[in-house]
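Next up is one chain by itself, shown in structure tokens, the form predicted on its own.
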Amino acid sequence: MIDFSVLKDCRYTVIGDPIAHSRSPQMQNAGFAALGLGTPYGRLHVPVEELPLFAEYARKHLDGANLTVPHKNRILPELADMSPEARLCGSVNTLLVRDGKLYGDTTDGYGFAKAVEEAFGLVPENLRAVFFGAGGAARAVVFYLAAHGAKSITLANRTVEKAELLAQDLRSAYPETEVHCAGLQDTHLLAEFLDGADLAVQATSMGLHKEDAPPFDLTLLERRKGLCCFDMIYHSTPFLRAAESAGLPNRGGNGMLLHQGARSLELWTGKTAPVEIMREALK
């Protein structure tokens, strides 16, 4: 059962399953406080089967929320409407509550692009990227990259059929972007795609827990000079450690968390987010 009592005095929250690892509250509350809006942002564990119960609560008691795995596409049936970007990619990470109704938006793609540019100087135009994982976070990001001129996107997933479904949607919306698929165990094929890539992105949940196994054969990162490696998880992971060992430029998900969160704050408040203050709070 969801413990809504942890949201006492909160008008905003982040939800997920799991959620204890989330650093959004410290970042968002620093942003709200800098704008003179107090500290109204909480953190709530919401099991998948209880998502409709959370939606009912949000309509009555909240002004907004952020969503992380596994809720980014599961929340869609609860929405009154969503932004064109969210509708196109079928993924929502930001809720806005208006007149007792839920509206969805996505800031993941924007946050990712800003983080990758800060970290590596890479921009979406003509980018060649390989994604490990084809879930909600990856979906939002690859649609954003394709919309902004990415040259090629490879989707590697444990279940290739899931990657193919995402690829079909992406090709239909952006036929000018090359889209490829592979299984996470297709080592030879992945090697070929990585040879031609500018960026490798770890977009699975593997790495959230210390005991998690790597999502693919990490020796693939060896001898790939210049390949930039980004992990959407924002603590040290096997993927990041392997990239470091291989001498590759690498960065965790802190920057993505910062910029997608800042954009959410702007959507909720209509004010410019104090990005540097929020960055310091994450440290």
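Just count from 1 along the sequence shown to find any residue number. Worth saying up front: this structure is predicted, and the values here are computed from it rather than measured.
Omitted from view is the form predicted together with a small molecule, to which the following refers.
- For the small molecule in the predicted bound form, the listed stretch (198-206, 99-107, 75-83, 115-123) containing residues with heavy atoms inside 4.5 Å is 198-206.
- Among heavy atoms of Leu218, none comes within 4.5 Å of the small molecule in the predicted bound form.
- The small molecule in the predicted bound form is not approached by Gly111, whose heavy atoms all lie more than 4.5 angstroms from it.
- The small molecule is not shown here, but in the predicted bound form it comes within 4.5 Å of a heavy atom of Ala134.
- For Ala167, no non-hydrogen atom is located within 4.5 Å of the small molecule in the predicted bound form, even though that partner is not displayed.
- Contact annotation: of the candidates Ala147, Leu88, Leu189, Leu184, the single residue with a non-hydrogen atom within 4.5 angstroms of the small molecule in the predicted bound form is Leu184.
- Checked against the small molecule in the predicted bound form, the candidates His180, Arg158, Arg171, Arg128 yield a single residue with a heavy atom inside 4.5 Å, and that residue is Arg158.
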